[in-house]
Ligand code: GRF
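Presented as structure tokens, the chain that follows is alone, the form predicted on its own.
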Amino acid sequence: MTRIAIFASGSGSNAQNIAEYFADKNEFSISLILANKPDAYVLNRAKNLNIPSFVFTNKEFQTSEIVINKLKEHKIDFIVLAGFLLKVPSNLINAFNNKIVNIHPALLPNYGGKGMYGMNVHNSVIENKETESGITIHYVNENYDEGQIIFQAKTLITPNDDAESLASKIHILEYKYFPEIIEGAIRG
């Protein structure tokens, strides 16, 4: 069985979607949900889904082994970043080489990098009058949003779209594709 950990910083709607997708797949287990904010709603979702959770500080994440030790304790094989806003430290990347995936709400390499997350991305895309946007699922390396791209899906942007409507279109793509692309990445 492949044991998966999900890292999230906020609401956790993608985490819940992923957990529900894998719930009836016996060869996979969402074994741990981790958050860097004690008030992140994803922790409520974890409780409701009966998935163990763990909260850590930004400092603990960057300068200690506490997160890696927790992953080892739960025998984690694969990590999914689903709305997780911290840069992953090299000790975690080295411990899970090519076993950490992230989803980004734009078509990388455009609109990636430090500070480019959530509505910041959608506002920039709209301000630049782009005609399409989408999602990028990629492996995580030492740099924000620069890991090897696994998958992209696109959506058209109409003249009537604003950042909010674009965010809704992006969420639809995330919910549709992220779980199955995770499964494919794990299966190799």
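All residue numbers are counted from 1 along the displayed sequence. Just so you know, these numbers come straight off a predicted model, no measurement behind them.
Although it is not shown, the form predicted together with this ligand is what the next lines describe.
This ligand in the predicted bound form is not approached by residue 25, whose heavy atoms all lie more than 4.5 angstroms from it.
This ligand is not drawn, but in the predicted bound form it has no heavy atom within 4.5 Å of residue 176.
For the chain shown alone, residue 11 is a contact residue for this ligand in the predicted bound form, at least one non-hydrogen atom being within 4.5 angstroms. Put simply, residue 103 is close to this ligand in the predicted bound form: some heavy atom of it is within 4.5 Å.
Interface residues of 26 to 60, taken as those with a heavy atom within 4.5 Å of this ligand in the predicted bound form (partner not displayed), are absent.
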